[in-house]
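Here's a solo chain for you in structure tokens, the form predicted on its own.
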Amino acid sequence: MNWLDRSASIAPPGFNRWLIPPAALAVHLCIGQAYATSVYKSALIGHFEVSQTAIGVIFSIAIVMLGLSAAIMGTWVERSGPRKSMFVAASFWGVGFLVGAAGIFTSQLWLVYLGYGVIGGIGLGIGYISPVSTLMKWFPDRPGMATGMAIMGFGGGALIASPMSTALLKFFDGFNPAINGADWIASGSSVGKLFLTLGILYFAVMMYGVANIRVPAASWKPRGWNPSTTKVDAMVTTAHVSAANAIKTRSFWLIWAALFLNVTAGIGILEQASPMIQDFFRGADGNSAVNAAVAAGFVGMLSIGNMAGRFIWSSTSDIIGRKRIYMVYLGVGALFYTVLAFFGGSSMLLFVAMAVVIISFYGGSFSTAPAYLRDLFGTYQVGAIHGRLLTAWSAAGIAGPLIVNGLLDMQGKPGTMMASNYLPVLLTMVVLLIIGFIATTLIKPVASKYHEPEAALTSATQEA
């Protein structure tokens, strides 16, 4: 297995850095399936005969494990290199689906928690951070764009997973439009077969990324790029801060809070996307104007917004700055949530447009975060700092679904709710975003007392 070592993945002279983004996308498009769980959420509720909250916990566990594994394994990922860490991620992600399938077939919900939630969640965390620092090394001249490329695949995973999962569920269920109708809900056994299929398929695709990822040589830099010509910004440091010191700074925790609040609000739409659009356009007779296929298409559109936002907004941050773009995510996001809450049910076009832009902000906050950390703390141990920041995602993965599912459980049962039942949820998200906006305005450059001495940096470079 020596081919997995960092030393075996160093790029030769003249290597084209634009070959790296496809390798990164191979991993992130697969683990981005986590955003398509709403496609089979109702099926699992019926199969296990439990509440929305009980099924929402699956997603929460996965996101918690994502943040924890990224924080704990961040330094290992940097030391071992992207190839080995991406292989480990593919193994955990694939096995997680297989164990989850066993839980569905045996009607043991705890096995789904263990498989998709714990085991798969570890694969999510390691796979998420593996390509990020590598792409930042390949694109030091455009860090925002680089992190956007690295992370946009995660947001776009549902674009593939949602329609593919819907088609596979129909195939496994023997779906017949004349018999099943618009209110069809997949059987538990079909979801189990879906998990088996995805586990094998995703492992194979992720192995493409493992085989093609490369790291630049220590002396490499982009042709024609001169670091001394980079625009000076008060929020961009030329010093370096260790991961241990970074978490002692106020700026780190303010970014953590901003990310946590924005993600908590975004999960409010993503985790409930498919049933949400059906409920918003449900008539007085109890029937929805949106069938399962259209709802799956809406999940796909959110995926497009999530994916595009991760690249567009992160690239924009290279121009206007990370702090300003975060103020857009949270301030404009709060305004759009308000519009969605009070007017979303009046027009499907307005509903979809507001939701897609909100989710683009959600995705952008993730892809901008690594570059923001690089600006504030330097490149030394930025991967490990990023891993620690992702604990905000873990916390949001618990808070978001608990808030959404808890409030909705008080409003009624799945398939009976309407747009008005979502008002408490959406207004709660508005409050969270306003708090996040205030936190963002307080972020300042890191004090020099947290900077690493030059001697320590030189020693670390020689050891690497």
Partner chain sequence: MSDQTHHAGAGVQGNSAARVTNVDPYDVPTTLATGKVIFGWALVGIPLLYGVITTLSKVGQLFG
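Please read these numbers as outputs of a predicted model, since none were measured by experiment. Residue numbers count along the first chain shown, from 1.
The form predicted together with the partner chain exists for this protein as well; it is not shown, and the discussion that follows is about that form.
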### Task
Name the stretch: of 373-381, 242-250, 136-144, 257-265, exactly one has residues whose heavy atoms fall within 4.5 Å of the partner chain in the predicted complex.
136-144
### Message
Counting any non-hydrogen atom inside 4.5 Å, which residue from A334, A341, V328, M164 sits next to the partner chain in the predicted complex?
### Response
M164
### Task
Work out which of I185, M348, V99, M354 lies within 4.5 Å of the partner chain in the predicted complex, going by heavy atoms.
M348
### Message
I'd like to know if G174 sits close to the partner chain in the predicted complex, meaning any non-hydrogen atom pair within 4.5 angstroms.
### Response
no
### Message
Test of understanding: in the predicted complex, would G300 fall inside 4.5 Å of the partner chain by heavy atoms?
### Response
yes
### Message
When the contact criterion is heavy atoms within 4.5 Å, does G94 count as touching the partner chain in the predicted complex?
### Response
no
### Exercise: I160 in contact with the partner chain in the predicted complex, heavy atom 4.5 Å
yes
## Note on the structure
Checked 20-39 against the partner chain in the predicted complex; residues with a heavy atom within 4.5 Å, sequence order, are P21, P22, L25, A26, L29
